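What follows is a single chain, given as structure tokens, in the form predicted on its own.
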């Protein structure tokens, strides 16, 4: 993985000291909160319902064991003993004291981490496929691309004050595990007719109050042209993006108002100018690529028999590795009764130890709020499972109905209009029986506590959006969303449900699916696409069906 050099270290530490002086002026009253706000946002610090929240960048979701241990230390020393992993592959600390934040940032700098550009109207943390560098279906590891984009975009003077936040995702596989179509720019590694790797470039995706899937602006972009092309897209957006209304300030609105063909013409014109002026040096490309070489693979026999518990864990939480004798292990942060995405300091340390011992010192954070051990030899799976089981991290539910994505909702977030966490816990409790979960099969439920859609509800097979109506929480249901290479925005099913009604409504949906599926192999999303929305709406609103009859 990429290691900070002297330039990186100096840059981050200078930022920490600048912010330390800004915090001191806020604490002594020299700065008002309004004056302090743009300064703290440049350093990932939000003011939430009950306290400040610090959002720490985990670029393209990659961590070392040393970094994970440092996050555990920060959680214990300056927070309440846990951290929350997010759908942007970041980690959030929900309870830091303002006076301690510069020291936290200093501790992050000690292990090559920071909170720069995790907020504000800039290019946010670049995300990538959480199986990067390990997946059997991978054309090319997307992390060198993501690191190049991170270096190019960090503190970019032209793009520090964009009309709105800007998000980029990179996938190296035909199977899109990075939800690229929901991003302002989505990069998918593809091969041209000559077998050369390049990028399919999509633009204008985004969720929130106006959910739109990104459109392909370039079917094939040579790798050497990547940064000039990204520069061109950002220039067009910076000039054409609306600044009169923050709800219409995203790139997707530029495409909606002007059309893809016009935007393509603007981008190509800017690209031709940039191409002659701006090309990343070859030595930088080589340096980044050298940071992502393959580890020294373990060579050992694979045990033929595993215990039933380990075997079940393998069926749900283990994916194919590019090496047949290795495996990709998904560690679910969705144990029964727990908040999705939360990990205690103890759990973080166990994960760090496992990565160091069994996964070549690498961990990944997924946009699905889980942790990945990307390179585990199959001979070590039983030992990994046993260690996870001791700290409540061996739940065999990856990709199943209780593996729920959820934003923090109104328990923490100042923007939220409803609670998300209790709904996620209620659904997980209703489907606690693992045999039932396995019978239901792959089903992605995503929950957001407001229209900003941080829980990605628009691309959930079942999406849930919490809203406030006349002082009461109301939950809308969307159906048929998909965040993969067959991306789709879910369709709103109908009127919302109260907090007491939403879990039974999900149960009715699932029971309808089980009755409607053509076979046990037909997943919820396939059944929905085969039959359409109406049978599921009938299950959600049985009283409407009864009245019609």
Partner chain sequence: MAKKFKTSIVTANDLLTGDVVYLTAAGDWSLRHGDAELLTEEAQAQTLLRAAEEQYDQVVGPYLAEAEPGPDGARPIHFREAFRARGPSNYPHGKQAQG
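Numbering follows the first chain given and starts at 1. Values in this document were obtained by computation on a predicted structure and should not be read as measured data.
Note that the form predicted together with its partner chain isn't included here; everything after this is about it.
Quick one: from 439, 282, 155, 468, grab the residue that has a heavy atom within 4.5 Å of its partner chain in the model of the complex. Going through each option in turn, the one that passes is 468.
Considering non-hydrogen atoms and a 4.5 Å limit, which listed residue (225, 200, 411, 346) is close to its partner chain in the model of the complex? Only one option qualifies, and that one is 411.
I'd like to check something about residue 507: if you look in the model of the complex, is any of its heavy atoms closer than or equal to 4.5 Å to a heavy atom of its partner chain? Residue 507: no, not in contact with its partner chain in the model of the complex.
Using a 4.5 Å heavy atom cut-off, state whether residue 417 contacts its partner chain in the model of the complex. Contact with its partner chain, yes.
Just to confirm, residue 246 within 4.5 Å of its partner chain in the model of the complex by heavy atoms? Although its partner chain is absent here, residue 246 would stay clear of it in the model of the complex, with no heavy atoms inside 4.5 Å.
Distance check, residue 50 to its partner chain in the model of the complex, heavy atom within 4.5 Å: So residue 50 counts as contacting its partner chain.
Contact at 177, 194 and 524 by its partner chain in the model of the complex, all three, heavy atom at most 4.5 Å: No, the candidate spot makes no contact with its partner chain.
I need the one stretch from 247-255, 293-301, 97-105, 351-359 whose residues put non-hydrogen atoms within 4.5 angstroms of its partner chain in the model of the complex. That would be stretch 97-105.
Going through 13-27, which residues have a heavy atom within 4.5 Å of its partner chain in the model of the complex? Please give them in sequence order. The stretch 13-27, when checked against its partner chain in the model of the complex, contributes 26, 27 at the 4.5 Å heavy-atom cut-off.
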